[in-house]
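Presented as structure tokens, the chain that follows is alone, the form predicted on its own.
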């Protein structure tokens, strides 16, 4: 089973974490990334889904898109239920 702490968090570099923290995106916080709350754009797990949308469209991280393998790992994490 895919987990955020083991499989996803290590893919975010320290500079990614630091840069996005100033914008309120808390990659390094499993509780924030696995918060089941929704918003106007996403009915559930809005934080994680918004991050995934940015990773998919290549706008995050700003210096180059994630590989298809890393995106597949993130998708597996979603499919496995956003496990911390």
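None of the values given here were measured: they were computed from a predicted structure. Positions refer to the first chain, counted from 1.
Another form exists, predicted together with protoporphyrin IX containing FE (HEM); not displayed. Remarks below refer to it.
Heavy atom of residue 23 within 4.5 Å of protoporphyrin IX containing FE (HEM) in the model of the complex: Yes, residue 23 is a contact residue.
Does any part of residue 19 reach within 4.5 Å of protoporphyrin IX containing FE (HEM) in the model of the complex? Heavy atoms only, please. Because a heavy atom of residue 19 falls inside 4.5 Å of protoporphyrin IX containing FE (HEM) in the model of the complex, the answer is yes.
Report yes if any heavy atom of residue 27 sits within 4.5 Å of a heavy atom of protoporphyrin IX containing FE (HEM) in the model of the complex; otherwise report no. Within the cut-off, so yes.
Contact label in the model of the complex: residue 15 to protoporphyrin IX containing FE (HEM), heavy atom within 4.5 Å: Residue-level check for residue 15: yes, a contact with protoporphyrin IX containing FE (HEM).
Contacts with protoporphyrin IX containing FE (HEM) in the model of the complex - residues in 44-78 whose heavy atoms fall within 4.5 Å: 50, 51, 54, 55, 60, 61, 62, 66 sit within 4.5 Å of the partner.
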